[in-house]
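The form predicted on its own is given below as one chain in structure tokens.
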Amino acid sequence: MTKRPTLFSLILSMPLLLWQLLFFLFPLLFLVAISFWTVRNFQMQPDLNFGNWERVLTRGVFWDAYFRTMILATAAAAITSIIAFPASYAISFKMSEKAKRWMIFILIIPFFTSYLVRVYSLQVFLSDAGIVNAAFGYLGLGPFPMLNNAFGIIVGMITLTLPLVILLQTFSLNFVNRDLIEAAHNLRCGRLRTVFAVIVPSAKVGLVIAALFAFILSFGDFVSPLYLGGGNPPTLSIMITDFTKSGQQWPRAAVVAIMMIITLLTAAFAAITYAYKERGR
């Protein structure tokens, strides 16, 4: 029997509902409306003009930027998830409770500093005369180009998302039933097989949500493509700024932003559906 929500619970949920209406739904509706406006003499005028959508969606440069952004974000999310898992596994299963608390504190520290500052510091490491290439130089290697290319962008995206992914994976692995792991060992299941046959399926929801967060943050990232990737060829976030600087074309920038939102909502729906899908269904 389903319980009906009480008046008290409805009142408690009102602030969240108002917040979503004021700062998500209304701005989103306004963004959709702007996408149909026209720009005359560098000023936006209310209109119902589908030309912005036609102009953006029929240009090859948009779809090049779209698929470039999609590939970079997917690669960054996959690499981050793979790199994060051993660290999350060690924190959850190999460390004492005191060590766990310290590791979680250390993982939170990067969020104390600006992401832009961290990206600027990466330029010192990744430039042709930077620390990484200097280390390769001692080995008689390099210099390797690490800036103004896809490698620099992915490194920046990993820097942005890695601490969060490790935290989310760790919280998910902490809830894995230890009895299942013990039962697998009693059945002579090796360590590696236990990880993939027991631990990963048990923590699937948290692992997928962590990868989803990495994809969302990477897909909308502006700083890494600009300062580590050189901004050319552009990603969708850079294309938005290019439109706003070129004749104040905010309506066309709104079209790009709406396409990004649609993509992220589709990815979030697909990931959550997969995360909560039961085996055999």
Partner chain sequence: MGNENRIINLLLKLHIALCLLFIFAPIAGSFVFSLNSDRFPSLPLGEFSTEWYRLIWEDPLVWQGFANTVVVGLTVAVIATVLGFGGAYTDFRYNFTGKSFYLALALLPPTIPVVIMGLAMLAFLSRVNLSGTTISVIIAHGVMCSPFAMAIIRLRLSQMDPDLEAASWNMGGNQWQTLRYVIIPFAKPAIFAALFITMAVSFDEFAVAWFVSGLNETLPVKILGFLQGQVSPRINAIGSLAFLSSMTLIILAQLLLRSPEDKK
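Since this is a predicted model, take the numbers as computed values, not measurements. Numbering follows the first chain given and starts at 1. Whichever C-alpha set is largest while still superposing within 1.5 Å between the two forms counts as the rigid core.
Note that the form predicted in complex with its partner chain isn't included here; everything after this is about it.
Taking non-hydrogen atoms only, residue 149 never approaches its partner chain to within 4.5 angstroms in the model of the complex. Proximity of residue 26 to its partner chain in the model of the complex: non-hydrogen atoms within 4.5 Å are present. For residue 30, a non-hydrogen atom is located within 4.5 Å of its partner chain in the model of the complex, even though that partner is not displayed. Contact between residue 178 and its partner chain in the model of the complex is not found at the 4.5 Å heavy atom cutoff. Interface residue among 184, 83, 200, 75 relative to its partner chain in the model of the complex, by the heavy atom within 4.5 Å criterion: 83. Listed stretches are 67-75, 120-128, 139-147, 201-209; the contact stretch with its partner chain in the model of the complex is 120-128, by a heavy atom cutoff of 4.5 Å. Applying a 4.5 Å heavy atom cutoff to its partner chain in the model of the complex picks out 213, 216 from 195-217, in order along the sequence. In a rigid-core overlay of the protein, residue 266 has its C-alpha displaced by under 2 Å between the shown form and the other one.
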